[in-house]
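The chain that follows stands alone, in the form predicted alone, written as structure tokens.
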């Protein structure tokens, strides 16, 4: 159940990431719990796949032309990782990148984007209905910029379709078709859309469970058909309060909420027991997989999730004891198995 190492360019090396067994969680649950190591992508996250799918689709439709003079510009609103994926691939393909972002994300993301040559347009975090939301600012900039293409990751089906073609197919192959449960969080919902559709087509009995942070409305959408939320979360890039094109295409059986404290507990558990330092969304996904493993305790069920990015992308926050103490999120041991 390992990915295949390959040689190639940055563009060619997006995808085919390893499927890593989270051995401590497997031992605690009596299931086989795996995480797709998306931090192995060239830009360091699962969003490299969305970026490649969106750019490839735009090129095929003649909306972007690589290495043209003057260069085309890719514009996008992002919490960071999609922007990093776009900037990584754009550097190789000769595009300019303009990114609108909320100004409350981890500083490591801004530093990486500047190193990649992206132009940043930062603004206060605000509700989607506000015209200053980063999504709306990106659209406006694209409309006002010559030779610009708005990636529109939330509504662009090329996002989910690329995950269908690659991520879903890889998980199926890497588990030998024996996967029983898939779980992950949703931001744009591209990963959930593509993977759930692929796995359900291969085996309708694969259970798909959304992992949702507090502050997001998708848990209630799946459970009750209404977008409602409560609380808030320090996680970045996941959770949403509207139905996107990609989410509508997803095939989801159930949903669970994961509290920030449980996410942090899992983040430090994986670091100390599996030697794996992951980001907040990856830790949330792993906690959901662990809970599902407890539900299926001792069954040997195969459970897979997405390890979206590495924890070093958030080290000024989740690896900072002062920040954790300020947020009242100091890590605890995982609750003992009953």
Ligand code: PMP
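Residue numbers count along the first chain shown, from 1. Since we're looking at a predicted model, the values are computed, not measured.
There is another form of this protein, the form predicted together with this ligand, and it is not shown here; the text below is about that form.
*Asks:* Whether 47, 189 and 308 jointly form a contact site for this ligand in the predicted bound form is the question; each needs a heavy atom within 4.5 Å.
*Replies:* Contact check passed for all of 47, 189 and 308.
*Asks:* Exactly one stretch in 61-69, 286-294, 308-316, 26-34 has heavy atoms within 4.5 Å of this ligand in the predicted bound form; which is it?
*Replies:* Of the stretches listed, the one contacting the partner is 308-316.
*Asks:* Flag residue 236 as yes or no: does it have a non-hydrogen atom within 4.5 angstroms of any non-hydrogen atom of this ligand in the predicted bound form?
*Replies:* Residue-level check for residue 236: yes, a contact with this ligand.
*Asks:* Within 73-96, which residues have a heavy atom closer than or equal to 4.5 Å from this ligand in the predicted bound form?
*Replies:* Heavy-atom contacts to this ligand in the predicted bound form: only 81.
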